[in-house]
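Only one chain is included here, represented as structure tokens and corresponding to the form predicted alone.
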């Protein structure tokens, strides 16, 4: 462990403490506001809105998890255990839905499955003029949209676990007379459970915190209700109460996931390790597997992108490609750049101190920064809004408030890359630099930062990509007349101006693709 001068150490710790306070203070403030609310407000919410909102949120999360599990585990199994033409292409392509924001997918499905839409017209040709397909604004419709948007989380983690799976366990079960189905249920799935549970936790947190899809599809969840209380009712106390319930719900999911992870520790022996062999498929099996993957990817990414391209080339869409539109592009790019840069600058001291000086203070500051995980967009916006109005009202209505909300919400995404990058660098390299006469700051600048450059880039890209797609905090906190691409998609799609929303939506997707490729290139060599 390197020796750091007291002055340098104190300055870093001050930065770390300030960063942790940036995340925790809004959460503490919003909790205090909720607890100090009039009991009549609590009673009104508990007797009217809360039971319905809790049921809608929890039932939607459970339904989406079931759909995402089926899609994610089955696709991961196909691309890792079967050998057929085009397998490598499908292996990468199945991650593309991560570049599709949920509010974009929601508005595309609203057109496809809505009343009088092309899918309903086709269904009426087959089943009669009175036939109706399920509405995208129903529980089933929202579940399908969210499931298609989130299954890549489970797919990625399950695929990684299957690639490192020791097939010897399955062979032992087979020699004991277990059938293929029994081997999957009794051996394979239990060994994959830690990865699957981690993917399920990501899906649940994503669904619980999502605003774009549920708002466009008019499905009442806690996140959507917080936004409605702030904008429609102008009731910050009721919004804070619903926010605290949402945070508690997210915390329960996180604690449950951690408990399952501790109870599901499986170690695969290295002495008799054997990698799984892929099953070679005949032409009929190849056609079936390819058709299944094409249907899933087409619904989650292919068809929406094709529609966005067609709409973007329409005369109505081409008319809006003027200086005002490129102003939206500029606003989105500047906000995302500032937020990503601020997130990396704030996250670096937190990750560095927790890795190199793991005291209770440094570790506590890092864990406090992860509190942003349980702050959905509207909750983070409400917390920053109330805090700024009461403490620093001069910054309200400026871009600075947006940057604070973005960093508060997306800092954990950057820390997930920064922390492992620093931990992978042996402290011996820094100790050698110190013995050669470099100061602590020179060592960090000349040795540590160049070695963790890739981790910094990935952290910056993650925050940039998330900020480009962020919707609820921008809706609530943006300066007057300051619109981004995500805002334009939401505003136009809310009025069902699909062609006008298409250029902004398509640009958001296209910006996300290179970032997604950069992230995949880090660990895709195992394919």
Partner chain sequence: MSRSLHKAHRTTPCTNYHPHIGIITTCIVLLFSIIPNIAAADQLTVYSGRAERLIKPALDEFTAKTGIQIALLSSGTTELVNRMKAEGDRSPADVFITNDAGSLELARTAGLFRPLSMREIERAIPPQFRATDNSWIGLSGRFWIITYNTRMVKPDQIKSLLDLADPIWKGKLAIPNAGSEYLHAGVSVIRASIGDDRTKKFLEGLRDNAGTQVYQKSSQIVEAVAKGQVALGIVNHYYVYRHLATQPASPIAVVMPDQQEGGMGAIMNVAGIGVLKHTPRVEQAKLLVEFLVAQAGQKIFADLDKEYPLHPEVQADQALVERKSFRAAMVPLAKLAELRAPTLRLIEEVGMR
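Positions refer to the first chain, counted from 1. Here the structure is a predicted model, which is why all the values come from computation and not from measurement.
The form predicted together with the partner chain is left out here; the points below concern that form.
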Seminar exercise, completed: Only hit among 85, 288, 128, 393 for heavy atom within 4.5 Å of the partner chain in the predicted complex is 393
Seminar exercise, completed: The listed residue (248, 345, 306, 319) that reaches within 4.5 Å of the partner chain in the predicted complex by any heavy atom is 345
Exercise. Quick one: in the predicted complex, does every one of 323, 332 and 356 get a heavy atom within 4.5 Å of the partner chain?
Worked result: no
For this session: Choose one stretch from 151-159, 73-81, 213-221, 88-96: the one whose residues place a heavy atom within 4.5 angstroms of the partner chain in the predicted complex.
Result: 213-221
For this session: State yes or no: in the predicted complex, is some non-hydrogen atom of residue 448 no more than 4.5 angstroms from a non-hydrogen atom of the partner chain?
Result: no
Exercise. Looking at the partner-bound form in the predicted complex, is residue 327 within 4.5 Å of the partner chain by any heavy atom?
Worked result: no
Exercise. For residue 315, is any heavy atom within 4.5 Å of the partner chain in the predicted complex, or not?
Worked result: no
Exercise. Is residue 302 one of the residues lying within 4.5 Å of the partner chain in the predicted complex, judged by heavy atom distances?
Worked result: no
Exercise. Which residues within 336-353 place at least one heavy atom within 4.5 Å of the partner chain in the predicted complex?
Worked result: 338, 341, 345
